[in-house]
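One chain is shown next in structure tokens, namely the form predicted alone.
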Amino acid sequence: MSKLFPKSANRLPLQILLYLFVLGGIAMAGINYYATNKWANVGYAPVQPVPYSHKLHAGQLGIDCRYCHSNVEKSGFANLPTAQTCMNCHSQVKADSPLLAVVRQSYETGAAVPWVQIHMTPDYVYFNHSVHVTRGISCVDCHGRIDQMEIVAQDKSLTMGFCLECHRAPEEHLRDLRDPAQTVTRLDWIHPGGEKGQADQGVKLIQANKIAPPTSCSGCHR
């Protein structure tokens, strides 16, 4: 047998294991980079250029989410507020605050406020914000209790599994937008009938509005 195989063949098993280890590491790195979203981690709370408190504005003052994120019902993308939106109030309220220097500069120059986006999806995922909001999916279902956050952080994973849970059972989340109390921006609203009342209402809304969330790959990966 020694004549059939050179001594170097004794190193083959170790070399094969080493190659498999390296190959596995490369594969895992590729999956981590291309198949996951580093911004989708629960707890992700980047430092913003302006220390904005949602707890104060949306919670204590009761400002509707749509005042700052004005296109959520019309666009596939939930727009970030412009300096003009901020200055509608802050031209008079705390107009000289040093914390608002970036906003004032943006307002004067026209350059966008460099907000750091928190909630994102990978490039290979199709998501239309307006479709969800206009069907009765509340902000709280994906973003959590924003109105209680001093500093906004990622509250939900926004993974494919998270989305599919809702798509497979939309009745657990749908609100009746004909009822003023059920507006999607009422983050503290809970159906008075509990989970059963919510589910019964959701089933009726699915039938009335012909809601059929896709669960196939082509629904979100186009």
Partner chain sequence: MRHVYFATFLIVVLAVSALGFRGDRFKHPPLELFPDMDHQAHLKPQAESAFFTDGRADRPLPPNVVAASLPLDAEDGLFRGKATDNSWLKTIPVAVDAKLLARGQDRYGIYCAPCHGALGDGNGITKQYGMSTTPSYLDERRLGLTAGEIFNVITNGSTQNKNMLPYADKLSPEDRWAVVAYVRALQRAQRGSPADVPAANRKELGL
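Residue numbers count along the first chain shown, from 1. The structure presented is a predicted model; accordingly, all values stated were derived computationally and were not measured. Just so we're on the same page, rigid core means the largest C-alpha set that superposes within 1.5 Å between forms.
The discussion below concerns the form predicted together with the partner chain, not included here.
Remark: Q105 does not count among the residues lining the partner chain in the predicted complex, judged by a heavy atom distance of 4.5 Å or less. Using a 4.5 Å cutoff between non-hydrogen atoms, Q92 counts as a contact of the partner chain in the predicted complex.
Residue contact check for D64: one or more of its heavy atoms lie within 4.5 Å of the partner chain in the predicted complex.
Looking at A101, you'd find every heavy atom of it more than 4.5 angstroms from the partner chain in the predicted complex.
With the partner omitted here, the residue from G194, G43, G161, P51 that has a non-hydrogen atom within 4.5 angstroms of the partner chain in the predicted complex is G43.
The partner is not shown here, but in the predicted complex the stretch 83-103 reaches within 4.5 angstroms of the partner chain through a heavy atom at Q84, T85, M87, N88, C89, Q92, V93. Q15 is among the residues whose C-alpha shifts by 2 Å or more between this form and the one not shown once the rigid core is aligned.
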